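Here are two versions of the same chain, shown separately as structure tokens and labelled structure 1 and structure 2.
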Structure 1
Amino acid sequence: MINHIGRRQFMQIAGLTAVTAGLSSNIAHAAADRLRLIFWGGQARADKTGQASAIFADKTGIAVQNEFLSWNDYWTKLATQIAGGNAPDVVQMDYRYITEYASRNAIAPLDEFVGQQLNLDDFDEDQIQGGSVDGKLYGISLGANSMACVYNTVILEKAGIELPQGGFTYDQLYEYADLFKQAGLPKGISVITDSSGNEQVLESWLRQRKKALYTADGKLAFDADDATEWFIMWSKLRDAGVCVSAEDTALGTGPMESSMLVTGKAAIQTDNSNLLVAYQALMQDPLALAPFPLIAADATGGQYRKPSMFFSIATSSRAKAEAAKFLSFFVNDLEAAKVLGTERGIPCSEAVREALAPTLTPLERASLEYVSSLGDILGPIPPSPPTAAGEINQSVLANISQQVAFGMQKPDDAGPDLVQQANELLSRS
């Protein structure tokens, strides 16, 4: 009896051991032949990324498991995953957060893989620089883009406006508003979105004045007078009916579907060049790109080529070498490039760009040509922003610009207020 039970127990233990052994060998394997990837974006990006991953799996035998979320949900999930120690191997990273994640050791430096698994021989220098924090490479740029006015060609044509290739000035906006009125366009269409709370437009405006948002050591690089002048300029544009009203602007905080361009409240939307294709998918009227407004016809240096987003490798990843191989494939492989197009911005490898050019749709080619034809108004890429930059943008700048727009604060007070609150956040983080 005892003997029998003993034997059954023995068999059970033996079986269990076998199963456990099988499992653990699977886990050990998983690190090598399966990668996890997480990114933000829409269905179109997910489809393209999935196709590229399939090509990678065919070539290397390493499967890539994709997961994507919207921008807001993405950062919540990523932070939670990193805190829980189970972050995916490859994570999509943004220019705004790369310093934060790198300085907290959540993403790994990639320098040891460069020249090995990671081939960057043909990669744009400014994009490598853009992915570096404190001299170490933390992110591989997936595409360059630049700030751009996405504009509705039909409305501007009706008003008799042809946007100059090299950019139009802030002062010209008043003329455009007059032309809008004379052309008898449907009521409620303004020339341009109210961009007083748009960090990028402010940055471009500051750069044309030879200032910047932040210094290399993470301090504010403009003063209260600059900020006051900025708010005064937008108040004037608002009063003259050039830009969208405060009420309408507050409605457009979310997805592209509710943007002022798509809902027909503005003819010109300030945004990023790689979003041209996505905006066009939501609209009938043909769209085109122009640079951000200039402070004067001969102003230079306002724009820069910004990495639209990066892939980084989580510090917790146990398959960093394989992940580096995937990154290299993603930015260099010509087959992958044809699938990916310019959805994440202009490819950063010269060879990829050349191979891609003939296969692009007219719209994709327009965004490629836009970024490569900026000329003098293009300046150097600024250092990656400090940790508090995201909060200063979302919480301080957005709120103060709304206060001014709704008449709850005078532009004269808003400037010093912005600088003071921004400095507080910078010193606290």
Structure 2
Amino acid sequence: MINHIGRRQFMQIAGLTAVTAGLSSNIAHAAADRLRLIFWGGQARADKTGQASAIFADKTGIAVQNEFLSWNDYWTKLATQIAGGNAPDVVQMDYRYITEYASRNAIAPLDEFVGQQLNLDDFDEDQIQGGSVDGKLYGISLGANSMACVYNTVILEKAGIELPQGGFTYDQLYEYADLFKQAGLPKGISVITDSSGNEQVLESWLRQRKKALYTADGKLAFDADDATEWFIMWSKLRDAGVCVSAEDTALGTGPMESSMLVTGKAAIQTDNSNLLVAYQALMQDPLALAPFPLIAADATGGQYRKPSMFFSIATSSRAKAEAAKFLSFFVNDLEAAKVLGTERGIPCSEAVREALAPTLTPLERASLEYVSSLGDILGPIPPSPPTAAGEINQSVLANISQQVAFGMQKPDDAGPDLVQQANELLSRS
């Protein structure tokens, strides 16, 4: 249900990577005329990536073998492949994990390719910074996005709710739940997903309180009182029937098809803005975007323009130059850009954005306009998360939030527990 990408696993990965490096001459690697690519996502992303890869093959003669998995399955598979020394040449990487993979030598620095196979002349500087760890470039941002509430417009309209463009508050969620009941919506539909274990929603909530998940030097930037208040707030929302039950939430941690939005358990799903297109491909009811909930109507700075995901090159790849060429193609080629659209976020090249604008579908344009119109809700991008951030998110926060949701732990105990376990992992990383 929840996959763990922990420090112990990465220590194993690091050790095995060192071993395989010494045996490189005996290990089969990708040939220079063929690349392997692995990414997480749904069928819509796979189709677009396959079309772009075919264009790359036509132009360069380098074939690309694509493999995709759901988010949860992806990290386990990637860790296993890296441990076995057979990781694909190009791997999709998340902002949360890039520091960890770079520090474990699982992905390679890209600086030697910049200006050669990798053209970043027209690239947004904040997205280059987002892909850098300790001054070296480890990931090429495939698009900018921001956190968002993806909502079912039909259900909200039936309840008489029009989400304000500037965002709604946590207190308003109680009002929405009352309207759901008055509208006689089918039983079992909640207003919003239970996001108590969602790191991004927690981060937005903390930033609105002028705090953060982590400091620039990798320490925890919130305390036990903050965490306790967080779990208490979601317990109240759960008790009031505002958010999805613990039982249903536990079933929705796999593919997008099992998400609470697609299965009709929630009208509002907290996720990333670039996923609007993918969610819509799985649903008939029209969807739209709104910012994450606000702690108050005048709250600011909770959101930021985040690299939606990166492409990185595995350290074990024997075709790094060809892989860098593919990365450059993927973010700069105008023909590929028209195929890819904004499914992975808003393109980071100004030239690509200008070429793409007239071709966008209404949904893609909605994603672009959403990221461009956040106003005072938008704050600066935080530093790259520390090495242990992935394990804190997937193991500690997710598990404690589930324990609270199922009544196995009290919110008053969960807050200190979260901070203690997170600090222990940070101190050992």
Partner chain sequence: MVRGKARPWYASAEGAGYLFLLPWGIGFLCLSLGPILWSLYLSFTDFDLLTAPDWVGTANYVRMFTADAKFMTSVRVTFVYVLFSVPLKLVFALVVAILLNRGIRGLPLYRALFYLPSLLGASVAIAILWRQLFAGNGLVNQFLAQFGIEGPSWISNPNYSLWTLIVLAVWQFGSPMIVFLAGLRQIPADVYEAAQIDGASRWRQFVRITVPLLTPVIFFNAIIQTIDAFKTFTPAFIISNGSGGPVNSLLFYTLYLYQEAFGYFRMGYASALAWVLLIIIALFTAFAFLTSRYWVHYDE
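In this text, the rigid core denotes the largest set of C-alpha atoms whose superposition between the two forms falls within 1.5 Å. FYI, numbering is relative to structure 1, first residue = 1. None of these values were measured; they are calculated from a predicted model.
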Query - Assignment: the form predicted together with the partner chain - result: 1
Query - Hinge pick from Gln165, Lys211, Thr359, Arg45, given that two rigid parts rotate relative to each other between structures 1 and 2 - result: Thr359
Query raised in the report: Based on C-alpha superposition, what is the hinge rotation angle of the smaller rigid part between structures 1 and 2, rounded to whole degrees?
Result: 14
Query raised in the report: Where the rigid core has been superposed, how far does the Cα of Asp89 end up moving between structures 1 and 2, given in Å?
Result: 5.2
